[in-house]
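Single chain ahead, written as structure tokens, the form predicted on its own.
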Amino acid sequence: MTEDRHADTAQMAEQYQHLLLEGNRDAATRLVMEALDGGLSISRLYLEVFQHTQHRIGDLWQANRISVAMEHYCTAATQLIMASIFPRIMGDGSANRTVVGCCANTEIHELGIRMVCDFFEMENWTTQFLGSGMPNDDVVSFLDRHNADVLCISCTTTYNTRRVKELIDAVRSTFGHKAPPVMVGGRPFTMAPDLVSAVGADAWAPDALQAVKVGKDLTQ
């Protein structure tokens, strides 16, 4: 990636964030669609525009510069746009691998794990996105029915890491040595890598692109 091309997406991210904070979802959608039609890859859109914007929106909320309502609006708008472009990334399952993605039980921020599943989709994995608010028993049952090769769990707040451990413990106690490898991700693990082993995960990834690479390593 050249410096000029990176500057283009940096400028786009600024514009995208501005439009969302103005409450102009329609214009933000047009911005994205025009960029894609102009040749911007979906992977760069996700990492350099969506992910960058979400991090900044989160920082603004933590600094009390925007309300919870505005943070939710921006996130929901990005999720809607992602859903509208999903047909462009839909894979064919030819990788013969299945990934299940979910949030820790009480974790409500699901955009990150949605991105992870979409990146696996682009690599032709079968993706099963469960989202947020999933009871541990239901996740375990789902894994049993769908023969998952990898379980990805997202967590954005430190106090929810104990919920990650509870889910991993439930998976391990149910499946024993047949349990799928577990990958975790989210801000707590980025800030404190020791948490990965503390919750019992097999691996972690800092973003969706790296998650696919780690997933491939875990299933070799």
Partner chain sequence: MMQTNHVNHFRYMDSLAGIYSPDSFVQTVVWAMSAYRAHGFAIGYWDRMLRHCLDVLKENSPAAHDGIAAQYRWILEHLGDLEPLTAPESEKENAV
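Everything numeric here is computed off the predicted structure, so don't read it as measured data. Positions refer to the first chain, counted from 1.
Not on display, but discussed next: the form predicted together with the partner chain.
Colleague: Just to confirm the contact call: exactly one of 177 to 185, 60 to 68, 22 to 30, 35 to 43 touches the partner chain in the model of the complex at a 4.5 Å heavy atom cutoff, so which is it?
Modeller: Only one stretch passes the 4.5 Å heavy-atom test: 60 to 68.
Colleague: Looking at the partner-bound form in the model of the complex, is residue 165 within 4.5 Å of the partner chain by any heavy atom?
Modeller: Although the partner chain is absent here, residue 165 would touch it in the model of the complex, with heavy atoms inside 4.5 Å.
Colleague: Within a 4.5 Å heavy atom cut-off, is residue 51 in contact with the partner chain in the model of the complex?
Modeller: Because no heavy atom of residue 51 falls inside 4.5 Å of the partner chain in the model of the complex, the answer is no.
Colleague: When the contact criterion is heavy atoms within 4.5 Å, does residue 192 count as touching the partner chain in the model of the complex?
Modeller: Yes, residue 192 lies within 4.5 Å of the partner chain in the model of the complex.
Colleague: Using the partner position in the model of the complex, report whether residue 199 sits within 4.5 Å of the partner chain, counting heavy atoms only.
Modeller: Looking in the model of the complex, residue contacts with the partner chain include residue 199, since a heavy atom lies within 4.5 Å.
Colleague: Taking the partner chain in the model of the complex, which residues along 152 to 182 bring a heavy atom to within 4.5 Å of it?
Modeller: 158, 159, 160, 161, 162, 163, 165 sit within 4.5 Å of the partner.
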